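This document opens with one chain alone, in structure tokens, the form predicted alone.
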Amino acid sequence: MGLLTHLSLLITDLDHTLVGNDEALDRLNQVLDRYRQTWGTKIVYATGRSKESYQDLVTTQRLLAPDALIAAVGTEIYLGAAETLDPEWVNKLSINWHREKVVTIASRFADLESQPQSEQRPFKVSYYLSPSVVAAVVPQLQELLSQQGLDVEIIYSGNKDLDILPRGGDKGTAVQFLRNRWQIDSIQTVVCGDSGNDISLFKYGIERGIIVGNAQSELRLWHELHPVNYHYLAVADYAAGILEGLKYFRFAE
């Protein structure tokens, strides 16, 4: 991988990717803060958490203020310190999204356990599902939703979380949306993740991708099935894995 002049955009998942090793997080923050001052690097957090849950995390973790927050598995975008959803993103996801119909169809599956109300978002319906029945439940659920004309994505991650989103409402599409808005080249962009709901970060463009060493099996398997030279599987865990990946791509000193 050749030397790249600068990093314009870094997008990272939070739990078990950026967060998990306080000492490594502090070191990474120093690097990213230097990038910001030198190159104007934009930092975006892409998380499964709601904005409220993200704000709870901020009270316990030393996180740099992001230029944007992608929340609720990609279905919500907040620019800067904005408290309201990006209206263009809302309009995009509203097309052919019928949340009540999704809930009604999903209620037919006894194996789907509804997640707490705090995790139910305008463009996300969330359940717990045992990995032992995923192979049986997900295809049936997808078929029933399709039969009703509902164009959705089903994302399973962490061996327990199942999210139903509007088609194109995932983290990866949100990244492409922001990158296009900011006119940032994909080769000057890095994405980082650890679990199944991060797969979309790696599958749409040619951004440099860092998979941290503690990544879940579903992301590791996807990486094995889709090998490319612009994705890197780190040895180190959490923020230390991101630092390792930045060095591999010649962004970090």
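Counting begins at 1, following the sequence as shown. As the structure is a prediction and not an experimental result, all values here were calculated from the model.
Absent from the display: the form predicted together with alpha-D-glucopyranose. The rest refers to it.
Participant: Give a yes or no for Gln142: in the predicted complex, does one of its heavy atoms lie within 4.5 Å of a heavy atom belonging to alpha-D-glucopyranose?
Facilitator: It does not: once alpha-D-glucopyranose is placed as it appears in the predicted complex, Gln142 has no heavy atom within 4.5 Å of it.
Participant: If we define contact as a non-hydrogen atom of the residue within 4.5 angstroms of the partner, is Asp163 a contact of alpha-D-glucopyranose in the predicted complex?
Facilitator: Yes, contact at 4.5 Å.
Participant: Does at least one non-hydrogen atom of Asp86 fall within 4.5 angstroms of alpha-D-glucopyranose in the predicted complex?
Facilitator: Because no heavy atom of Asp86 falls inside 4.5 Å of alpha-D-glucopyranose in the predicted complex, the answer is no.
Participant: So, Glu153 and alpha-D-glucopyranose: in the predicted complex, are they within 4.5 Å at any heavy atom pair?
Facilitator: Answer no; every heavy atom of Glu153 is more than 4.5 Å from alpha-D-glucopyranose in the predicted complex.
Participant: Taking the partner as it appears in the predicted complex, which of 178-186, 129-137, 114-122, 87-95 has residues with heavy atoms within 4.5 Å of alpha-D-glucopyranose?
Facilitator: So the stretch in question is 114-122.
Participant: Within 4.5 Å of alpha-D-glucopyranose in the predicted complex - does that hold for a heavy atom of every one of Gly48, Ser157 and Asn197?
Facilitator: Per the other structure, all of Gly48, Ser157 and Asn197 touch alpha-D-glucopyranose.
Participant: For the stretch 73-96, I need every residue with any heavy atom inside 4.5 Å of alpha-D-glucopyranose in the predicted complex, listed N to C.
Facilitator: Contacting residue: only Val73.
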